[in-house]
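Single chain ahead, written as structure tokens, the form predicted alone.
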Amino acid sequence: MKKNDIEKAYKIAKEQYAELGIDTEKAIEQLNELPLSLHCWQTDDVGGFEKPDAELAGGGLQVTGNFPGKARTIQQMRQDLDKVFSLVPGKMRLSLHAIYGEFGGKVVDRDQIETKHFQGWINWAKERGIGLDFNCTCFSHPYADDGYTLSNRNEKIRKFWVEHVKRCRKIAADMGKQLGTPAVHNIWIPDGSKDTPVDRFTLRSILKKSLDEIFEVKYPRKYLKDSVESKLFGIGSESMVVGSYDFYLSYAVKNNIMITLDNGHFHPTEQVGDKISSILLFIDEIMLHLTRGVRWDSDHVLTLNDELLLIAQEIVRSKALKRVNVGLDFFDASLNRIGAYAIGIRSAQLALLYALLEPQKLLIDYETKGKFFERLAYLELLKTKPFGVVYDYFCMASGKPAGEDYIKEIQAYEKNILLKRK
């Protein structure tokens, strides 16, 4: 897109929003200050680097597709991530899983990982001025084959996973300390039952015991933020998930830690956005994993749909931009993986920008006065306001490709880099 065309269109858009009392420059500034935490596992289909040519296996996860160009080394992954960063505006973070360490070709089991295995990532992030987040990896391991990790009745296996998560929290805290920005450590486990269980209480009691042991060690919040992530069901846990929403929400509220809301982890008719204003009344912060579920938790690439818009609107309307940690979580191997990132990031930012451009004061005034026709009329008018033009200007002002220009860059990267990988 031509710079002059973007500037002309933006001038008109700015005037239209000004008529509603909205300062587009302020909205852009707020969006620019809200970091998105990108999930590293989109680059390599959740394979990791524990061993050469690692492939995702079990644990309630499944990646579909075999589009060429998958990152097979950490160097390729970092190359791809740098390309992604060059395509999108705003602040970014990177979220790592524990299987993405640099193990030097040695087998390092998960109860033995240390910060040194991730020092390369810390140095890489420091060079780019970004923060890191971290996730324990309680899947794709022989000790997860029976479907139970932190809730396992086998004490040896349970202790193995407890030690793994303890070490992951230590690594995350070290990341936060070295980078000067707290790392979110997120706990998700695949534990559950394929068929209807009888004794759910014991399994959840074991999980609570494991979590209590894990959180015995306290780290300064300026280095580490703890979060727990629920799920409705998964592959192999269709009938019962031990770490349900009720379980983790209760645990988070009682212990004042964060809960991670992955909008693919709920029933398709549930509105995850509606949960935000309730939860923030009882805990300090929440973590979001934004994805797009199609009929189930299918981790499709994030798009600008009604569900995402409501999530963004509730963050902004609750004045919670600094209390909500926004991360992405999808993995689609059926299309260009760099393109998947670019679409997902832009969708998340567009939704947040749309919410930031709402005339909240006007809408709330109509609402409190019972003027519901006026409220609905303006909500509908906003759908056709040129917020996309404002985003194009944001991209241009940030030195990033605006409009459809990013597509050409990804196509060139695919031709020159991805398709040449073996």
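Values in this document were obtained by computation on a predicted structure and should not be read as measured data. The numbering used is simple: start at 1 and walk along the sequence shown.
Keep in mind that the form predicted together with a small molecule is not shown, yet the notes after this line are about it.
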Fill in: Proximity to the small molecule in the predicted complex, single hit among Lys225, His265, Arg346, Arg110 (heavy atom within 4.5 Å)
His265
Worksheet entry | Residue (of Tyr148, Trp161, Trp188, Tyr248) lying close to the small molecule in the predicted complex, criterion heavy atoms within 4.5 Å | Trp188
Fill in: Stretch in contact in the predicted complex with the small molecule, which is absent here, among 276-284, 225-233, 212-220, 164-172 (heavy atoms within 4.5 Å)
225-233
Worksheet item: Do all of Val46, Phe139 and Phe331 end up near the small molecule in the predicted complex, with near meaning a heavy atom within 4.5 Å?
Response: yes
Practice prompt. Tell me, yes or no, whether Tyr354 is in contact with the small molecule in the predicted complex, where a contact means a heavy atom of each within 4.5 Å.
Written response: no
Discussion item. Trp41 versus the small molecule, in the predicted complex: is there a non-hydrogen atom within 4.5 Å?
Written reply: yes
